[in-house]
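We begin with a single chain expressed as structure tokens, specifically the form predicted on its own.
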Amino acid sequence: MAGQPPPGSIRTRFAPSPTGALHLGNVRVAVFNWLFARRHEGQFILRVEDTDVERHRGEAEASIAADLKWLGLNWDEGPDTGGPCGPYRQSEAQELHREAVDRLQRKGAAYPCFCNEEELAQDRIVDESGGEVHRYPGRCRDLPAEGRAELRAERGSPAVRFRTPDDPVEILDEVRGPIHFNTDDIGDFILLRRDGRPTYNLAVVVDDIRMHISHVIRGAGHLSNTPKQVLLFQALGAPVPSFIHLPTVLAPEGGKLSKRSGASAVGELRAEGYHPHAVVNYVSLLGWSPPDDEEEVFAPEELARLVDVSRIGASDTTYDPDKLRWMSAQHIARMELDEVVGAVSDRVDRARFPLEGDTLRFAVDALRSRLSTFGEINEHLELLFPTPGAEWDAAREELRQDPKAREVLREVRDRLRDVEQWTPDELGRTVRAVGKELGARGPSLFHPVRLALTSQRSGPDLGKVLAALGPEEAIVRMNRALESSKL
């Protein structure tokens, strides 16, 4: 095929099923595949496994793609970008899957199975009542041609099963090492359903072969599928890819992480305003440890240089939503101020907080160290624009009880009226100059001004608070405090 990837190139894939929103467990798999491909200058492929007709949701594919783009996990080949190994939707490749089954039947590695649901259910009951692992008993395995013809006439189109060999299967997992599987526990598994639809194990192997996937990176829950897939790779005469099974992620309260157990959907994290790099960073730590145990905060390009299979563990790991929030705060702290302003601007409740231009920029500068997510901006803006109530009354009573505090506040107000450059640095210098002249330092200087401006004794940098409020609002608040605190 023209345009095929060169031999030996690193190719990974993320193959979601569009049955719902992408959650953190899925994202972790996508992240490790993306990082591995980028580290080795390979290709990251997006493949949509959309053959689950009963659970398929049409809008889910677009949602998954949007989530991956928000996270910055750009793919080199996929349904929307194309590539030399398409189609990249599994439903569009079913003829290729059936052709692979035909090849397996011609070489005797697969056979038609006419068993009906009642027979299969009875087989399961017999096995389970005897305490045995259920597997297909091979009823149709060696039917003669005439027997197959009679059953086809009687029961219609058959399913197709793989003829599992007797020898055990060994895989070399790059995280867990060699793993042996007894084929007695596998049995002859179905490749094609009676309606002609391929099963998961068949479709994923055929697609991995035609897309030249070199490394299959996925969760440990897929380990049970791996021996079947290895057998299919071998039967189809294709090289077996390297397998990397990531450790299981547990929910905070225990049990496997899933949407039902509290795994946040990526769309929800985006709506709440998490930093996308923080999500990528955090999920990379669910199973992998960085070389420097003292450092955990990395941009995606840094992770791509650092992540290697040798530091992926096999033990279960636990999702910690508080750690994810902390990670988001760290990434926000690394941003340039204008980037933070741009990220929060559309989230600001302008009806409550009349901020635009410089005042918005100064307000964000004052509050940015408090942000864990961009969605928290309105919560923290309340520090600058507190609602009337008991806190204001208490602040003015404190000023009324302290003549020295009122003197400081009065002098600061008067000096601020003459400030020409209403910037945080200039405002901070002005306040400190007043303190020096009056002999007021530390709390005796800053508390009166803060109480008048925000009703609080502590908070963000005072120069930034003044700059965010603007000259008119700041003077009005100080006047109001002085008037209310008169004896």
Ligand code: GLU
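Numbers for residues come from their place in the sequence shown, where the first is 1. For clarity, every value in this text was computed on a predicted model and none was experimentally measured.
Missing here is the form predicted together with the named molecule; even so, the following discussion is about that form.
- In summary, among the residues Arg163, Arg325, His222, Arg89, the only one with a non-hydrogen atom within 4.5 Å of the named molecule in the predicted complex is His222.
- This chain appears without its partner; in the predicted complex, the one residue of Arg218, Arg270, Arg197, Arg400 with a heavy atom within 4.5 Å of the named molecule is Arg218.
- Figure note: of the listed segments 199 to 207, 94 to 102, 250 to 258, 108 to 116, the one touching the named molecule in the predicted complex, with heavy atoms no more than 4.5 Å away, is 199 to 207.
- The candidate spot formed by Arg13, Pro16 and Glu49 lies fully in contact with the named molecule in the predicted complex, as each residue has a heavy atom within 4.5 Å of it.
- No residues of 410 to 440 lie near the named molecule in the predicted complex, the criterion being any heavy atom within 4.5 Å.
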